[in-house]
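As structure tokens, one chain now follows by itself in the form predicted alone.
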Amino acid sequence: MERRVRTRLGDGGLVEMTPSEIRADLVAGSELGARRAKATPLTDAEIDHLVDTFASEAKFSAVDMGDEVVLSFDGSGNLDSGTRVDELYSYQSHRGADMLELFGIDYSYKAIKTILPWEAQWMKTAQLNLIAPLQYGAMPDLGRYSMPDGPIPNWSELMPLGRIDEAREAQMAAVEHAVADMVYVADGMWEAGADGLDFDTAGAAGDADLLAALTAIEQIKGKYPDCGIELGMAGECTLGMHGELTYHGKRLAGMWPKDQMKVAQEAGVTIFGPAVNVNTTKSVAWNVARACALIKPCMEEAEIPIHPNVGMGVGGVPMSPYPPVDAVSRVSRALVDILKVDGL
């Protein structure tokens, strides 16, 4: 009788599977990801390696010595205890962070614009107390510009009414506002001493959201060539909420990680973070194999560092407020061993 090992589902739930069942999930996830990305599935050797990783009884799994990668963080330095600088210091000194990020609790460039002097002072104070590179991060968050919170008609309300042209016009008006706000915040943060900027969860509101981020990044890099830019995606496929938007002639709707990475490079991004959403009903092994197959074509053509998103519910990490370490460590190791990513 084949042994059973404890592993996880995409929601963090503990389950038991045989090595054969784990292999079957790995193959299925890989094949599905490959079909979506129009790429080849993981090789037999790669599947074998992942079986060894996920069928292990070890509580924690890790890469071999010498294969460690850079750890960049979005949203580090929260307000769990002390000041934000205290928290950033703990990330730097105790949690193994190689890059840090200062952020406002309302994680949106639109909101940060209203408190920029306050945030810029925190950036200056933090830079005086830290050694690791420190960037400032927030979301493009295009939806914030639609009514009732913003000045633009809500395209999600217009589209069901068949008012497609008006919905598209509204999105483009929102892009203009978002770009101006992101560049404005970048000006203040660069003056305050930020080492870079993070545009997190880009594309969350669809292709117009991604266009806003790319346009702002291009403008910022034109003004500050030495500014580091990290772009983290919202999902593996860019939703076509507008459907006809392009960046440098490339249609944004329907882009998978490889093409997302290419337009990011063109815009001036220095670290790209592909995101692959987790299916909570499938095993972590299935989710990791799917993520690897989707991101692999991106790795093959990238000219900039690639840091896949491995937060809650992305990259194979379970969708749980406190993802279990046995799952997180295996996900991290899989992405490093199989894809040779530059960081996480």
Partner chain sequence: MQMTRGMRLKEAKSYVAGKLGVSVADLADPIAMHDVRRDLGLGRIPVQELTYPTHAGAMEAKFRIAEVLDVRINSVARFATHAGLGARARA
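Numbering follows the first chain given and starts at 1. Here the structure is a predicted model, which means the values were calculated and not measured.
The next section is about a form of this same protein that is not shown, the form predicted in complex with its partner chain.
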Do Tyr247 and its partner chain share at least one heavy atom pair within 4.5 Å in the predicted complex? no
So, Gln135 and its partner chain: in the predicted complex, are they within 4.5 Å at any heavy atom pair? yes
Does the 4.5 Å heavy atom contact test between Ile217 and its partner chain in the predicted complex come out positive? no
Give a yes or no for Ile338: in the predicted complex, does one of its heavy atoms lie within 4.5 Å of a heavy atom belonging to its partner chain? no
Of 59-67, 281-289, 314-322, 38-46, the segment with heavy atoms within 4.5 Å of its partner chain in the predicted complex is residues 59-67
At 4.5 Å by heavy atoms, is each residue in Asp195, Met299 and Asp342 next to its partner chain in the predicted complex? yes
Could you run down 92-117 and flag each residue that has a heavy atom within 4.5 Å of its partner chain in the predicted complex? Ser93, His94, Met99
